[in-house]
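Take a look at this one chain, the form predicted alone, written out in C-alpha cells.
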C-alpha cells in the first residue's frame, strides 16, 4: 500500500497503486481490481464492451433479419449508418457531461437509457422500426468518451496511453465478440424449438440484459476521480464546478482537437464500417455460410484484445524516448499503413488471402485508435471531456461518411469501396503533420524557441480571476506530471522556479 501526499492536501490519502501529485496512478496493473483506479478501469471497459455487443448484435444475424423484414440492400445500408450516426452528437454531449458531472454518472445514465432500444429490437417489424432501434442503440457507443475520460482522470501521463488503449480496445472487443455470440445464441434458441424468425428476436434479450447490468455496476461500484465523486468534491470545495461556456470555448478553439477528430474518423470510423459490412461481404463474395462468415468477422474485432492496447503502449513507449513528437510520428506511420492494407483488402480475390490481409489491416487500424488516445489527454486539461467527445464523435462521422459514400446502395461493389476507403485513410491521416505543441514541438519542428513551458500552455485556459480563486491548481499539477512528454530532452524547455520541480523526471 503506497501513501501519497499531494502538495495541497492537508492529510494523507492511501491508494493501492503508486500515484502522482494528482493522485493518478503511475502504474497500470492489469490484473488488479483495486479501488479506485483499477476498479474504474474494469467497470469502464466492461460497460463499453456491453454497449458494443448491443450496437452490433444485428449485423451477424442480418441474413435472417433481412428475410424476415424484407429488407433491401438500401434498407440494410441505412440501418448500418443509423447505428453509428446517432453517437456523433451523443459523444460530444457525453464529453460535456463528463466535464461537468463526472464519468461515472454520465456513463451509467447513457448505458441504462439506451437499453430499451435493445429490448425493442425484438419487436421490430419493418425497415423503419429496424432502423430506429439501431439508431437509438447506437447512442450507447458514446460511452467510449466516458471510458477514455475516466482513464485519463485515473492514470498519470506516463501510462495514460496504455490505460486508454486497453480500456478502449477491450471495449471494442464487443464488436468482434458479438459476431460469435449472436449466431451461437440464435442457434441455441432455434435448437430449443423456436423458428428462425422467432429465434433472432429472443436472442436480443441477451445483450440487452448484459448492458443493463453493466450500467448498475458503474453507478454503484464506480468512482469519478481518485479522491471521490464529483458531487462529493463539489460539496467539500475540493473541486470547483466549472463554467460550461469556458470549457466549451477552450475545446472548440483548440485546432488539435479538430485534427484528431478527423484522423480518428479514419481509424475508429473505419473499424465501425467494417463491423457493419464484413459478415455480409464474406457471405456474399466468397459464398461461405453464416457461421463461417461470423467467425471471420469476429477475428477482425477480436484483434482489439491486443492491437488497440498495443497502440496505447507503443504511444507511451515512444513518449519515453521521443516525447510528444514520438507519439505523433508513430500515429501517422501506423494509420497510414492501415490505409495501405485496406486498399489491398479490396484488391485480393481469394478467401485465404483476404482473411490474412484483413487481420493485418485490423491490427494497424485498431492500433491507430490506441495511438490517437495517447495524444488526446494532452490537448487540453480543462476541456478534456469535450476534446475526447469531439475526437470520438469524429470516429462516428467518419463511419457515416464512409458508409454513405462507398457502401450504401449499389454504386460501388464492396471490394471497390474497401479500396477507396483505404485511399481516404491515407489522405486524411496527412493532417497529423499539422499538430504542434509549443512546449514539445510537432512532427517536423521542435519546441518553440521562446521557451514555452507546460505551465504556459495549460494555464492559458484560465483567466486571472479564476487563477486568483485557485481554480487552475489541477491544471498546474497536470503540467508538472506531463513534463515527460519532452522525452529524453528534459532540458528542451525551461522550467520556471517554484512551478514544476526539477526532480520530477
Partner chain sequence: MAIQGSFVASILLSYLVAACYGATFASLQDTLIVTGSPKAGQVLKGGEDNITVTWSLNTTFPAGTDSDYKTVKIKLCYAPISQQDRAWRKTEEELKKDKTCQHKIVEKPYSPSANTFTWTVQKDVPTATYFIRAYVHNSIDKEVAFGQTTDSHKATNLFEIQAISGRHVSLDIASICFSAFSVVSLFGFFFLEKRKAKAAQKS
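Rigid core: the largest C-alpha set superposing within 1.5 Å between the two forms. Numbering follows the first chain given and starts at 1. Here the structure is a predicted model, which means the values were calculated and not measured.
Form predicted together with its partner chain: not shown, discussed below.
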Inset, instruction - Look at the stretches 299-307, 123-131, 430-438, 337-345 and give the one with heavy atoms within 4.5 Å of its partner chain in the model of the complex. - result: 123-131
Legend entry - 72, 115 and 209 each touching its partner chain in the model of the complex (heavy atom, 4.5 Å): yes
Legend entry - One residue of 89, 249, 329, 119 in contact with its partner chain, assessed in the model of the complex (non-hydrogen atom, 4.5 angstroms): 119
Inset, instruction - Identify, from the list 32, 68, 452, 26, the residue with a heavy atom within 4.5 Å of its partner chain in the model of the complex. - result: 68
Legend entry - Close approach of residue 104 to its partner chain in the model of the complex, 4.5 Å, heavy atom: yes
Inset, instruction - Indicate whether its partner chain has at least one heavy atom within 4.5 Å of a heavy atom of residue 409 in the model of the complex. - result: yes
Inset, instruction - Give a yes or no for residue 205: in the model of the complex, does one of its heavy atoms lie within 4.5 Å of a heavy atom belonging to its partner chain? - result: yes
Legend entry - Touches its partner chain in the model of the complex: residue 258 (any heavy atom, 4.5 Å): no
Inset, instruction - Could you list which residues of 76-99 come within 4.5 Å of its partner chain in the model of the complex, counting heavy atoms only? - result: 76
Legend entry - Did residue 255 shift 2 Å or more between the shown form and the other one, C-alpha, core superposed: no
Legend entry - After fitting the core, residue 286 CA displacement of 2 Å or more between the shown form and the other one: no
Legend entry - residue 101 C-alpha moves between the shown form and the other one by 2 Å or more, core aligned: yes
